[in-house]
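Listed next as structure tokens is one chain, alone, in the form predicted on its own.
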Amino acid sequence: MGENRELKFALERHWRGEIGADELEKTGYDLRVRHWELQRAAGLDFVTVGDFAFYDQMANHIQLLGCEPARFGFLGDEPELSRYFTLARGVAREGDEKSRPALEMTKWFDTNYHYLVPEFSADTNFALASERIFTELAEARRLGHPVKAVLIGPLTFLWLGKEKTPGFSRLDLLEKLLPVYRKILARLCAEGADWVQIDEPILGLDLPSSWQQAFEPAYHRLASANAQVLLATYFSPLKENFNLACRLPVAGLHIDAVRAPEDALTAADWLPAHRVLSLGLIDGRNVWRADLDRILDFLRFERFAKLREIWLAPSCSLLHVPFCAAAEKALDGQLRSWLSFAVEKLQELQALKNAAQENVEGEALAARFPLFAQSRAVRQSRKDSPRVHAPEVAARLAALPADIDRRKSSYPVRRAAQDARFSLPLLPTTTIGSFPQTAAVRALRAAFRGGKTNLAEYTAALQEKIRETVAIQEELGLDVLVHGEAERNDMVEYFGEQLAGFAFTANGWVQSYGSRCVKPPILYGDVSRPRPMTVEWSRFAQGLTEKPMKGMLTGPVTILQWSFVRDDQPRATTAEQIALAIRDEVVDLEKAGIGIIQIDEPAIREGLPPRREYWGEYLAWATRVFRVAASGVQDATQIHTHMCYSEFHDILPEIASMDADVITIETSRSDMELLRAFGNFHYPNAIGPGVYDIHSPRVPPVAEIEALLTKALSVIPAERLWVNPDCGLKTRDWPETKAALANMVEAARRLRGGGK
């Protein structure tokens, strides 16, 4: 994205028609040049080519491999970049047969990054169809950089896609795909790439035997391209795939030594001495300064000595951390000294490399390399800081009753009380929470933060925005309203700013998808709620309407997952602290007369460890902390939760155990496929399947929404079915939002029997 999100703003200007493709391409080029220079200046031996994307690296590969889905109807003469953004964002023309929804989007393993899902059928073909990676290789070489190109591996590419037609396995496409990969490898090698990194992170998953068995023959075929291949895995231990990874005919193997240190040690024994072992020693997923002494001790294990060459690297892509901690001048010096963002992680790599090449230890090491001295000081500073450890929080956790996570009554009893209270129609309509954050709204918040307007003026202006939002919803005919969240910058940051134990950066952005960036809080200490956070906004909004007004909260697991979390205690302990803070807010909302409270947990699924054997422990505490947050209310208070862009079919018992009265989920991009799993499971509570995709500017026709709802009614009884978009509407414009919601409400009315 760039140090100041230059790519984000260029993308959005391009989509608005304010700049052409040439100017957007120039922004991309300038960023690549700048970032390659940072890598070389930090002492890296290679710069990486192929990791830049205007939207998503998986989308890059869809074009590189010539497998754009036929449903988009491309003729072949459209500009590549135009087709690329059509894949990512869809195309909307009311009543036009060329209207197409975007590719489905889902989470990249257990991160908060979303990728575009390739679509495969038995007729899918592949061809080398894009020059982009070769152009970028030439750019880097013209600047004098030694280059390591990077590709997503063929098996990972297929695994992360999905079959769009029944009756075949996407693994069957491997035979068609491998010749294209071989051609790409040969050409990268011929055009000057010193190495090609092939990412196969699915080797850290529980793979079916057919996928495991496909690796060796596939990589033997790729070996004929004579490229220097570094096979890269990350995010998870290899376990039963370890032997397989070490046998593959590649020149080197990258191991995530942060998440799988034992794999790194075992690889030193198993790999032939002539192969490179790349050790991912610097955490690419978190922001704390590395313990350089501990890492150096690890590097000095005798088991590594027999290898000819060891590389030092981050554990994974630095996509997942902010740009530069040193630039965060608004943070106090102590906290800033604890942090390491992408730029600092390169410096840590350089310090490790230099120290590993010299035989010095102890005080001599700290004197010779200042980063080692700083690393030691940081460890002691965090350990001793009263900002980190709050005795009253620990005391509250210790005193919790055993039934703190249980509602007073079962769902059928609660539902009867809620039906009597709200008298909602069949297929009640609502939204997920946020409404468009216009430039005027963002300017209002910026003016308040910058001291250009006082609290009274700011509050009055936001109240006017809430009035407008409530009036629009009543005009549209929605049944359950929201206040629109104009006061919120981000669904996690907003709460973290009001909770003890969190700190915030000015520019600590990371990419979530496309041009969408988030600024995760830094959760450094014990968590508590000093005062109510949302009550007055919700109370004001409820006073404007006779219809139910949802109180909107972010759940404890999502706050945890979407923050950079302290690494000095178990994540479960930190999650429980957050849950108690949210519980306090839920109880106060109920006291203020708010009868429907939504506790969003879109990150439940992404918190799953990649390995299934660790799921049980995680799901036990993750679902429990949701119940802790939600269970302090009376039966007639309705608890909603929202989860988006995830697969739930294999954790439905645990989702049901959260015992939310209503769950809303993403289903539109997957054509209600996810809902079928809830139906087959006989999900017992109410459910709202998203009926249109908010990540695209496309306005869905009434008939399309009606068709999706008809599918939903085939698996969920009407009395337990809600109608809503896939997700919040923060990133959309008002005209398309009104049009889409009007169509949604009309579709619900028709299915109730009250349509035109």
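Heads up: residue numbers just count along the shown sequence, starting at 1. In this text, the rigid core denotes the largest set of C-alpha atoms whose superposition between the two forms falls within 1.5 Å. Small disclaimer: the values here were computed from a predicted structure and weren't measured.
Keep in mind that the form predicted together with ligand GLN is not shown, yet the notes after this line are about it.
Only one of 269-277, 459-467, 107-115, 433-441 has heavy atoms within 4.5 Å of ligand GLN in the predicted bound form; I'd like to know which. Contact-bearing stretch, as computed: 433-441.
So in the predicted bound form, does any heavy atom of Pro556 sit within 4.5 Å of ligand GLN? Looking in the predicted bound form, residue contacts with ligand GLN do not include Pro556, since no heavy atom lies within 4.5 Å.
Should Val49 be counted as a contact of ligand GLN in the predicted bound form, where contact means heavy atoms within 4.5 Å? Output for Val49 is no: heavy atoms all beyond 4.5 Å of ligand GLN.
Residue contact check: Val691 to ligand GLN in the predicted bound form, 4.5 Å heavy atom: Close contact is absent here: in the predicted bound form, Val691 is far from ligand GLN, nothing within 4.5 Å, heavy atoms only.
Is it the case that Asp600, even though its partner is missing from this view, gets within 4.5 Å of ligand GLN in the predicted bound form, heavy atoms only? Asp600: contacts ligand GLN in the predicted bound form.
Of the residues Ala102, Val633, Met491, Ile133, which one places a heavy atom within 4.5 Å of ligand GLN in the predicted bound form? For this set of options, the contacting one is Met491.
What is the one choice in Ala193, Val625, Ile582, Met552 with a heavy atom within 4.5 Å of ligand GLN in the predicted bound form? The residue in contact is Met552.
2 Å or more on the CA of Thr731 between the shown form and the other one, with the rigid core superposed, yes or no? Comparing forms between the shown form and the other one, the Thr731 CA shifts at least 2 Å.
Superpose on the rigid core, then tell me if the C-alpha of Thr86 is displaced by 2 angstroms or more between the shown form and the other one. Shift of 2 Å or more: no.
On a core-based superposition, does Pro261 travel 2 Å or more at its Cα between the shown form and the other one? Pro261: C-alpha displaced by less than 2 Å between the shown form and the other one.
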